[in-house]
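Single chain ahead, by itself, as structure tokens, in the form predicted on its own.
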Amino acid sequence: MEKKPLDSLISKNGLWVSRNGHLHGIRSCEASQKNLRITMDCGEVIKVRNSRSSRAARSLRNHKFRKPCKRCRVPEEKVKEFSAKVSKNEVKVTVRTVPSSQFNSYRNDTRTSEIPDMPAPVKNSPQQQAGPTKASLTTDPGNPVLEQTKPAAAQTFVPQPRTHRPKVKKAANHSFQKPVKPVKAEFTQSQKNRILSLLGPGEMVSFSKEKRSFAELESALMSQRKKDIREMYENSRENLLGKLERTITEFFVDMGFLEVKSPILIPFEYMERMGVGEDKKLSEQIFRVGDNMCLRPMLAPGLYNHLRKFDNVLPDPVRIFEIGPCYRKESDGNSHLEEFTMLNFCQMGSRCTKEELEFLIGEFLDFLGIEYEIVPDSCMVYGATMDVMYKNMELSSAVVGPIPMDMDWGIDKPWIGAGFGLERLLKAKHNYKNIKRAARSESYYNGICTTL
């Protein structure tokens, strides 16, 4: 019989057997990816691994204990019910465990299974292939193709000879001819895509009303883009993504946050601690490097490690932030990139409230001059979150801790934090239609097309 993990046994019995054999009632149990935090009815709190073969798991599975805890006051009926349950040796039900590889092979078999042969299409009969009806055959004897398909009865018809009259050509009356309309410029889809890529921020074009040809319109836009790039070189010479990163760094340093830099190549075990294991759909977005490493899809693992190490070093509250590249196999769209730049800031210790988090978000976006709206939401990794929206685009996801996974990182204090995508901040600030104009790119510079 398959051994159930500790959280399943606790959920089933609602009891806990301590090392000294005392039977406790359970007030609450919080589960993370690998650990459990259990609060007894007597007030005792313990942290254990969610194991299948630990001493506690064996005691709960075999219903072994010395005596009930006096302070927990476990009901006598519940104690008798726990004692009367049969042990694992007396269970007669056999549970068969199917390995995951068998599920994968079954899924592949169903995908590649052959489609049953369809019946062959019925060919048209000679009567259907003949085309014209009998009446049309008898009234058009001059068509040699039709004469070959005439029925026998129709061949007895002999047409009367026709007298040919000379045709008289009429003089053309040019005074009644319609005026010729100018040809309207038409664009193929590839030409439309090219024109749209050449448009600058805030520019628009109506293909249905455009009178210039594709070559004329492309030439005019290319000349304007070359002029824009020369003006950038003469005036600023700063990349907007790099400039935004420097501006944000200056803002958070002035606010009392410590800047940190974490590795880009991280162990995949970090993602398992974040609740993104190989069995989760979100893991399909991760770029794996070998068997045990991956490119980080988020900054949270590195920030967790820094918070734990700085807890007893920095003054309360601990304030840190990081700006760096992340990688995800995102779907194509106007707001998604596979390589993007993230900002994460967090505060741990005192004043970690929802109001403090909203204040920090407001100060930051007001500093950048971006309008926003905060709406409640939830996600698989953090649970309840607050989304920071600009129109219909999500700028950030913010969290008020603690959350259950904190114990896997050695964090036991309240915290608040938020993560922003810098490319989305640029898209909102400069009204880009496509986020690729704000990204690391060889096709765009500061939102201007460079394929000229």
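The first residue of the shown sequence is 1; numbering continues from there. Nothing here was measured: the structure is a model prediction, and the numbers come from that model.
One more form of this protein should be noted, the form predicted in complex with a small molecule, which is absent from this view; the next part is about it.
Enquirer: Find the only residue in 426, 38, 395, 57 having a heavy atom within 4.5 Å of the small molecule in the predicted complex.
Expert: In short, 395.
Enquirer: Taking 4.5 Å between heavy atoms as the contact cutoff, choose which of 335, 283, 262, 197 touches the small molecule in the predicted complex.
Expert: Result of the distance check: 335.
Enquirer: Within 4.5 Å, heavy atoms only, one stretch in 40-48, 395-403, 27-35, 62-70 touches the small molecule in the predicted complex. Which?
Expert: Of the options, only 395-403 has residues within 4.5 Å of the partner.
Enquirer: Residue-level question: is residue 365 within 4.5 Å of the small molecule in the predicted complex, judged on heavy atoms?
Expert: So residue 365 does not count as contacting the small molecule.
Enquirer: Please determine whether residue 435 contacts the small molecule in the predicted complex, using a 4.5 Å cut-off between heavy atoms.
Expert: Yes, residue 435 lies within 4.5 Å of the small molecule in the predicted complex.
Enquirer: With a 4.5 Å heavy atom cut-off, would you call residue 342 a contact of the small molecule in the predicted complex?
Expert: Answer yes; at least one heavy atom of residue 342 falls within 4.5 Å of the small molecule in the predicted complex.
Enquirer: Determine whether any heavy atom of residue 328 comes within 4.5 Å of a heavy atom of the small molecule in the predicted complex, and answer yes or no.
Expert: Answer yes; at least one heavy atom of residue 328 falls within 4.5 Å of the small molecule in the predicted complex.
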